[in-house]
Every structure is written in C-alpha cells, then in structure tokens.
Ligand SMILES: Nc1ncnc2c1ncn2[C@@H]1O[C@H](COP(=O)(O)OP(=O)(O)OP(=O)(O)O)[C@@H](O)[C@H]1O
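Only one chain is included here, represented as structure tokens and corresponding to the form predicted alone.
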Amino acid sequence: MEERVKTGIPGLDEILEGGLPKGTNVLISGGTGTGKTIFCSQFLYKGIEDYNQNGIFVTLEERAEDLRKEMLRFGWDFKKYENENKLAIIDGTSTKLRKRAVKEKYSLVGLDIDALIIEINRVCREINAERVVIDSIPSLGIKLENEKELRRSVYRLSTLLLEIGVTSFMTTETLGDGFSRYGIEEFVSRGVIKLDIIEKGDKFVRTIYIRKMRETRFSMERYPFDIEHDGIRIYTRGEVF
C-alpha cells in the first residue's frame, strides 16, 4: 500500500485516503487572499512539530522576516525550528534588488533557475528535509523572459522535487475559473488543490477541493474551510458546496 504523509491540516487527510502519497508534488492554486501561504506554512510547521519531518520554505513573494512574523499569529515559531536546523527558509525576494537578503542564512542573488535548483537540493541534504514549499510560481515567472522558459523551469523544479523524494507544494495564482496563472503548472504536478472564496447568500465562504491527486481516490466536492487562530481547518461533514 502507498505510504501516506500526514498534512497536519485538519480535515484534509480525511478526504485524501489518510494523507498525501509520499514524495508527491502538489500544486496549491487560488486567487489572492485564499490562504495559500498559510496552507503551505501549516503543512511545513506541523510536519516538524507532529511528524518529525524537516522542511524547506522557498519564498519568492515575501521576505523571510515577514513570513516569520505572519506565522507567529498562529503560534508557529519558524525561528525556533530554524535554530534547531529542522526548518530552512530560502529567501528569493532579494533577487528583485539583486542583493543577498540581510541576515538570512539561505538566500539567492539574482534568479537563476539552476542556482535555485542546486540550492534546494543542497539544503535538503543539509537539514534532511522531507517537505518542501515553493511560494510562488508567478513570482518565478515575472523574472523569466517567456512562457517557454517558464514551462521548462517549472518542469525542472517539479522533476527535481520528485527525484529527491520530498513531499512538496508549489503555489500559483489563478485567473478566472482556471487552475493556474499560466495554464501549465497543473500539468507538471501530480496533484492539484484549489482554494477559493465564493459568495453564498449574503456572505463569502472559503472552500477547497481536490482537482487531481495521483495514486489517490478522492471526492471532487467543495468543502468549506476556515482560517482560525491555530491555522486552517477543513469541514468535511455537513454542508458541501
């Protein structure tokens, strides 16, 4: 039977046959404000806290120091696990300024996809990481010259993550009813999870559904979820959209 990785997100494992297939690569898609970064951070933090699986967060969208501050609101002390070499944040936001991120142990100067791939591989070995998050693909796309180059880069990243055997999330923004910004990310990922905010009556509701997940039986129903004081919780019983 396929070995499963617990996500640490209440409700998600219940609709994924007990968790994610070990070593899979999943695209987390959704519009602005749907909770993608929180979703991925919870996956990493709970992986360390509850399952003793070290992790790497590659941030291409916001500074590492801002990420740490935001996650403290949920009681997730990233710095503690960084100091224990259980978590590494690779800061790629400094590439916009063409300089190394101040005081960051892991950071990139200029966006060279080969350098990014090498760094992820190196840090995985250094801290024995079993989980990796790349946030986000559109931020990578901004720095590349054309769609062909982006497609090749996303494919190479996805292949690397599969080859080194980590269970990984890559995030992307959606436009309209699609599943990705560029229309290619979902084809190089082995799973796709869509986060949405939909209007229901006189209020807006956060929903999640599984669009694709290799080696897994799953329902394509929409489930509501909340972002609570201790993170994301998916409600799998009761109202389904």
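We number the residues from 1 along the sequence you see. These numbers come from a predicted model, not from an experiment.
The form predicted together with the named molecule exists for this protein as well; it is not shown, and the discussion that follows is about that form.
Review point. Honest question, do A88, E130 and T159 all end up within 4.5 Å of the named molecule in the model of the complex by heavy atom distance?
Key: Spot residues vs the named molecule: no contact at all.
Point to revise | Any non-hydrogen atom of E61 within 4.5 angstroms of the named molecule in the model of the complex | key: Within the cut-off, so yes.
Review point. Q42: heavy atom within 4.5 Å of the named molecule in the model of the complex?
Key: Q42: no, not in contact with the named molecule in the model of the complex.
Exercise for review: Tell me, yes or no, whether I38 is in contact with the named molecule in the model of the complex, where a contact means a heavy atom of each within 4.5 Å.
Suggested key: I38 belongs to the contact set for the named molecule.
Check your understanding: Would T34 show up as a contact with the named molecule in the model of the complex if we use heavy atoms at 4.5 Å?
Key -> Judged by the heavy-atom cut-off of 4.5 Å, T34 is in contact with the named molecule in the model of the complex.
Check your understanding: Which one of K46, R190, K194, R206 is close to the named molecule in the model of the complex, taking close to mean a heavy atom within 4.5 Å?
Key -> Here the answer is residue option R206.
Review point. Given that the named molecule is left out here, which of K103, R73, R125, K80 has a heavy atom within 4.5 Å of it in the model of the complex?
Key: The residue from K103, R73, R125, K80 that makes the contact is R73.
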